[in-house]
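The form predicted on its own is given below as one chain in structure tokens.
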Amino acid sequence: MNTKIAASLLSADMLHLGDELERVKQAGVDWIHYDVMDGWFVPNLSFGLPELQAISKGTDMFIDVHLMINNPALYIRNFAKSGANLITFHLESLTDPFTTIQTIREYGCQVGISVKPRTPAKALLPFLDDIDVILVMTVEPGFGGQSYMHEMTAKISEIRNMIQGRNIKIEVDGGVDNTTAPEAVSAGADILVSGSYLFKQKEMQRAVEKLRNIK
């Protein structure tokens, strides 16, 4: 099965976002990856609800909302109603993971949990029966354009072994390009989040197919 490709809007041209959405769709991208940062959980600010509402009206693509915020459970309802299809929160956030998972389910979205580089894979074990996606950060979250942390490849492999027999997908985010993607896919990644690599391409479709067809 081909790898799914998610385009991170952090690297899109914000002045022409509607055109960028059409560009990624025409290039064959599978998901829109929508990063939300609160300036506390990570040292940066990004998109919020108004932008998501506009994006969801402007595209029929699957929207993968990644909440890099301290209190995700407080905002699940609003993000779900604004167009999210998948809501991923961080295990390191302040809200109870089981409560957050339940709330995401109640609002009809798929559930993802993300872990920062320093969080061990085994920390995910209590939640494996309740989630759809594990997002492995291969950079420290907060800023686009960082380099892939190769030591995270072993974590991807460990998680792949942990989830055997379960219908959970592994998503990888951080420094993913044509040189690092083969490493992530060989370790067990199902979904590749790519930002600066994709949006810098003159021929995005060719770049997408290169990532999708990695064996």
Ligand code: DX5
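Numbering starts at 1 and runs along the sequence shown. No experiment lies behind these values; they were computed from the predicted model shown.
Same protein, other form: the form predicted in complex with D-xylitol-5-phosphate (DX5), not shown, and the subject of what follows.
Although the partner is absent here, G188 lies well away from D-xylitol-5-phosphate (DX5) in the predicted bound form, with no heavy atom inside 4.5 Å. In the predicted bound form, Q146 approaches D-xylitol-5-phosphate (DX5) with a heavy atom inside 4.5 Å. At the 4.5 Å threshold, heavy atoms of S196 reach D-xylitol-5-phosphate (DX5) in the predicted bound form. Using a 4.5 Å cutoff between non-hydrogen atoms, P97 does not count as a contact of D-xylitol-5-phosphate (DX5) in the predicted bound form.
For D-xylitol-5-phosphate (DX5) in the predicted bound form, the listed stretch (30-38, 50-58, 178-186, 152-160) containing residues with heavy atoms inside 4.5 Å is 30-38.
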